[in-house]
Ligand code: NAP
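Only one chain is included here, represented as structure tokens and corresponding to the form predicted on its own.
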């Protein structure tokens, strides 16, 4: 592979986390290309004058180069930062541009989409990311860095870390390479399933779940059983305590799923509750509370005119 300092980062998905990574890498001197849907989006981007990055009250506009899906430029390293339900289709749209041995970093919530993409790209190295960082868009092509978190990266097929991870350190992107990324993804999946659906159904901020401790604890009990049945016992250690800590630490925040519903956007229910419930069924594990929660959420989404998958 070429010198990692010269390897382009192609960013597919101009949402909050995709633009957060793009702006930090670009500010650190890394070559970055945004991949946008079509010529109309590219024109809108140029009219905006680039990406705006906001952190700690400071705003900076960055003229990061951008291109469309059908640009002929070969892709050596691709960060896929779109929603889980769009990931496979998005990667398929640029698959012919990937060079043999390309690295594809998958920054999606939940589980299921990462495996689907990896199966579609047998000649690429797929690296999964579990992130707790917070960001939101306050305008089109404008991202606000809302909460410093952490990123775990790993390859489910190969434990050896890639040589370019220092690029993340230089870009002030906190990370750790892990040989068991699936454990991290299962853990985050459980956290999301214990918190996000309830905030939607009760239309509340995360902190309001402190008054529903018994409901949350019962869900955690069931999640522990499912994760153990799925061969992920380490992902269950201290789960109840961590869920309580997350609820307390993010008390003033609305969950990402609540924000999606409030703004009339499709949720990632299939890759969160849907994945857990299907996994429980496949492993013969009873999960009545989780299945009921999924059904309630599907009905609620339907009442808002949103899909339940």
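Numbering follows the first chain given and starts at 1. Everything numeric here is computed off the predicted structure, so don't read it as measured data.
The following text describes the form predicted together with this ligand, which does not appear among the structures shown.
In short, of 125-133, 178-186, 165-173, 222-230 it is 125-133 that has heavy atoms within 4.5 Å of this ligand in the predicted bound form. Site residues 41, 82 and 90 are all in contact with this ligand in the predicted bound form, judged by any heavy atom within 4.5 Å. This ligand in the predicted bound form is not approached by residue 22, whose heavy atoms all lie more than 4.5 angstroms from it.
Residue 155 falls outside the set of residues with a heavy atom inside 4.5 Å of this ligand in the predicted bound form. Contact annotation: residue 196 falls outside 4.5 Å of this ligand in the predicted bound form, judged by heavy atom distances. Using a 4.5 angstroms threshold between heavy atoms, residue 283 stays clear of this ligand in the predicted bound form.
Though this ligand is absent from this view, in the predicted bound form it lies within 4.5 Å of a heavy atom of just one residue from 190, 78, 117, 107, which is 107. Residue 36 is the only one of 277, 261, 243, 36 with a heavy atom lying within 4.5 Å of this ligand in the predicted bound form. Scanning 229-256 for heavy atoms within 4.5 Å of this ligand in the predicted bound form gives no residues at all.
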